[in-house]
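This document opens with one chain alone, in C-alpha cells, the form predicted on its own.
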C-alpha cells in the first residue's frame, strides 16, 4: 500500500501566490470575442464580458500577463491607447490576423482592476526600441509633468497605473519570433532595455527571457542577471505518438520539474559567482497542455479575431495541470511567478460562445490551487507504485503529491493526483507529531474516463466535495482512478 508522510516542521518555504497567474494575448478569440466583446448582450458598458469576469474572479487570478506572447514582438503600445476611433488597424504578422487595437494598455488595466488581478506587461524586444519601452513605463507609472505621463492623463487616467511587473521580450530565441536573436545579442539588448526602464521607474520588477536550454539561460544570466528579478521559462506539453497518450502526457510534469531544478541551480551559481544580493527567481510565465490545435496559416488573409488554438481539454489534461500546480508548490523557492497560457478561448480554462461560457476541465485544478491551498509548502515523503515511459527515460509515480500549510487558518491541504487510468490507489496517512480533527473534506476532480470533456451546458468534470469522518494518523485514504483530490484537514 502507498504511504504519504507529512511533518509540519519540514517546510520548503512560503508560496508566492503569483505562481497561480494567467496570460492573455492578442491571439484568436482570447481578447476579441473572449474577455472583450462590446457588441455582446453579455458585456457591460466597458465591453468586458461579465460572465468571463465572474469566472476569472472565482479563480482569484493573482497576476495577468499581456499583450504576448508572439504578438508582442511586433506590437507598438501607442497603437492601443487614446480614442478608439483614432486607433490604427494593423496587419498582425505573428498570428496572420487583423489587429483593430480596440483593446490596449488602459483597457487591460481596467480589466485587471475589475478582475482583482495584478497587471504584468511584456515589452517589445522584437522590433521595439529602447525609447518606446521607457515611454511605456512612463505612460503607465509616471507621476511627473512629463510627456507620456501627461498623455495618460489626457486619455482620462489621472493616477498612474502602477504596473510593477515587466517582461523583457518574448521567446526571442525562436526563429518564429519577429526580431529573433542569439543568446548573446538578446542578453546585451535586454540589459540596455532593463537599464532605461528601471531608470524610468526604479520600483519595477523585470523578467528576462529564458530559453529552456542551459547555454542560453547561462548567457542571459551572466550578462543581465544583475539587472532583473526573474528568468522566464515556457513549457507546453502533449503526449508521445509512440507511447500511451495518457501516461506519456502525465510524465511531462516530471520532465519540467527536472529542468526547473537545473535552472534554479544555474541561478544560484550565477548569484554566487557574480555576487548579486537581490532575489532572482524563475518565472514560468507560459505553460499548459497544448497539442491538438496547433499552427497558424500564413495565407495572407488577415482575418479579425479568427478561432485559433481552441483546444478542448479532457480529464487527462486536468490531471496534468493539477500535477503541474503541485510541482509549482513543491518548487516554491525556485519559482516566484507563473502564468498559465491562456485565460479565454485560446488553449484556455474558460471557453465562450455568443450565448455564454463553460469552464473547461483544466479550470478546476486552478480553482483548487487558489482556494484550497496554504501559504507554506511542506516536504512530503511519498511511497507508491510508478509507471515507465516507453523509451525507458524515466519512471513516474502514479501519485503526484503536494502538501501546503496555512498557519493562519490552522489548516493542512494535501493535494493528490492519481494518474492511474483504471485503479483507485489507497494510501496510508502518516502524520509526524501532530494531529488533525477527525472530520476531513475531500475535494475531488474526476470523470467517467480520462477522455471526459466539458461542453456548453454540460460540465461533467467539476470540483466536488464530500465530508469524511474518523480520519487520523494511520488512516487509509483512497484516491480514485484518474482523479485529483485535495484533502482539507483542520489542525488540532
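The model shown is predicted, which means the values in this text are computed figures rather than measured ones. Residue numbers count along the first chain shown, from 1.
Not pictured, yet referred to below: the form predicted together with ligand AHR.
- Partner proximity in the model of the complex, defined as non-hydrogen atoms within 4.5 angstroms of ligand AHR, places exactly one of 401 to 409, 170 to 178, 275 to 283, 324 to 332 at the interface: 170 to 178.
- Not displayed here, ligand AHR is approached by residue 309 to within 4.5 Å at the level of heavy atoms in the model of the complex.
- At a distance threshold of 4.5 angstroms between non-hydrogen atoms, residue 347 is in contact with ligand AHR in the model of the complex.
- For the chain shown alone, residue 95 is a contact residue for ligand AHR in the model of the complex, at least one non-hydrogen atom being within 4.5 angstroms.
- Although the partner is absent here, residue 218 lies well away from ligand AHR in the model of the complex, with no heavy atom inside 4.5 Å.
- Comment: ligand AHR is not present in this chain, but in the model of the complex one of 234, 205, 252, 420 has a heavy atom within 4.5 Å of it, namely 234.
- With the partner omitted here, the residue from 133, 320, 341, 190 that has a non-hydrogen atom within 4.5 angstroms of ligand AHR in the model of the complex is 341.
- Contacts to ligand AHR in the model of the complex (heavy atom within 4.5 Å) from stretch 13 to 33: 23, 25, 27.
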